[in-house]
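A single chain comes next, written as structure tokens; it is the form predicted on its own.
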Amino acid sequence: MGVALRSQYATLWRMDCSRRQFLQTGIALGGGLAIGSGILDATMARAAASAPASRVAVVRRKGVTGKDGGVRADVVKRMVFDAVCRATGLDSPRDAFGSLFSASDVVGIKVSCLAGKRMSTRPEVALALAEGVQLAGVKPFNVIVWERSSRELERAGYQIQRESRDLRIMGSDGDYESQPTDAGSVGGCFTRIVTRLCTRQISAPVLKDHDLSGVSLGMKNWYGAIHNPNKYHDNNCSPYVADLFGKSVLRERVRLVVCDALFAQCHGGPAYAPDFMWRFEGVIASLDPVAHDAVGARIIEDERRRRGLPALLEDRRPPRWLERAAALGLGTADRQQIKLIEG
């Protein structure tokens, strides 16, 4: 795909995203959006009702995981590419990634490595994403797989490559902006990987439970981008998860969420809890971070129910921040507006 065509796709995506966010904000405020001295007119109300559903792709392949906890890298790559194609509605990985990124971008892939090797974003998933980004014309050096610390990355099986002329893999390692940025209820210093290095980002979380926020998925993954995430866990991490993601440096740069759901965990998170891990053998992808997390939360709730565990609401840790994120226009949590694509 040529640069001009990629630019057209990116422009169309931004237009569609902005329109959807505008409409969802109006709906979240109760269906009456003030415009001057009037309210949302009938034409715009009809447009809101017919707004295109957010696409969430769930791709599963039986046998992709081994008995030893390993995964088949070739199958993982095909799953990641297939999921991104389905999420974008485009037929080829080159077109799909090219609709989101351009050759001039520096693309960060934010992985989740807090829980150690068995419940972190697998290198195979991150490397597949890095290869996909390069299909869009991004140079290998301009793709950065990153996490809060190099130590966490190494524990999860990554080899640090901070100065590599190929793919870079690095931790923030305390390199934060000197001044905090207010983001609604959140005030924190962002890592310079977010503020200065990368023009675009991918969130690559793990499908897992969290003992306070209910689930830890694509939006909560960005707690690893600020210096003081420990301050934002009250009230089931709401409104903090949504308010943090609502900051422009994230909201405007995160183009894609691809969740490593090869192994998943339905209780005992965010630490590794083997008794509650299961083989989901999947990858979940979406351009809508709220829809993505709503689908992921439902998968975890279903597994909890299958095991006889209480629902997250009954366990006093519902993912309240999903409603806040939808109200902020960051995406949709409404099942009727989510197009689930399974395959």
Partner chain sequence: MGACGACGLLLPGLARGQDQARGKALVDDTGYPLVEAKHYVRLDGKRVRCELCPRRCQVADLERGYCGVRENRGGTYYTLVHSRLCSMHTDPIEKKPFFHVVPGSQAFSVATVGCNMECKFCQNWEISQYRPEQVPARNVSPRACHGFAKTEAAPFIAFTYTEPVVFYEYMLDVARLSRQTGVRSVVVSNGYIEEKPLRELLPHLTAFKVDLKAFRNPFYQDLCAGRLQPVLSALQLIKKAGVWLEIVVLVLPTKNDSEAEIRDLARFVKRNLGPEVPVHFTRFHPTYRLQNLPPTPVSTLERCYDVAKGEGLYFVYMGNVPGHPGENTYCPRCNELLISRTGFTVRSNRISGNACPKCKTEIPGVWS
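Computed from a predicted structure; not experimentally measured. Residue numbers count along the first chain shown, from 1.
One more form of this protein exists, namely the form predicted in complex with its partner chain; it is left out here, but the text below deals with it.
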* To do: Using a 4.5 Å heavy atom cut-off, state whether Glu163 contacts its partner chain in the predicted complex.
  => no
* Any non-hydrogen atom of Val186 within 4.5 angstroms of its partner chain in the predicted complex -> yes
* Asked: Do Lys139 and its partner chain come within 4.5 Å of each other in the predicted complex, heavy atoms counted?
  -> no
* Asked: Using 4.5 Å between non-hydrogen atoms, is Ala115 touching its partner chain in the predicted complex?
  -> yes
* its partner chain in the predicted complex: contacting segment from 93-101, 123-131, 151-159, 67-75, heavy atom within 4.5 Å -> 151-159
* Asked: Out of Asp243, Glu177, Asp82, Asp105, which one falls within 4.5 Å of its partner chain in the predicted complex, going by heavy atoms?
  -> Glu177
* Scan 216-239 and write down, in order along the chain, each residue with a heavy atom lying within 4.5 Å of its partner chain in the predicted complex. => His227, Asn228, Pro229, Asn230, Lys231, Tyr232, His233, Asp234
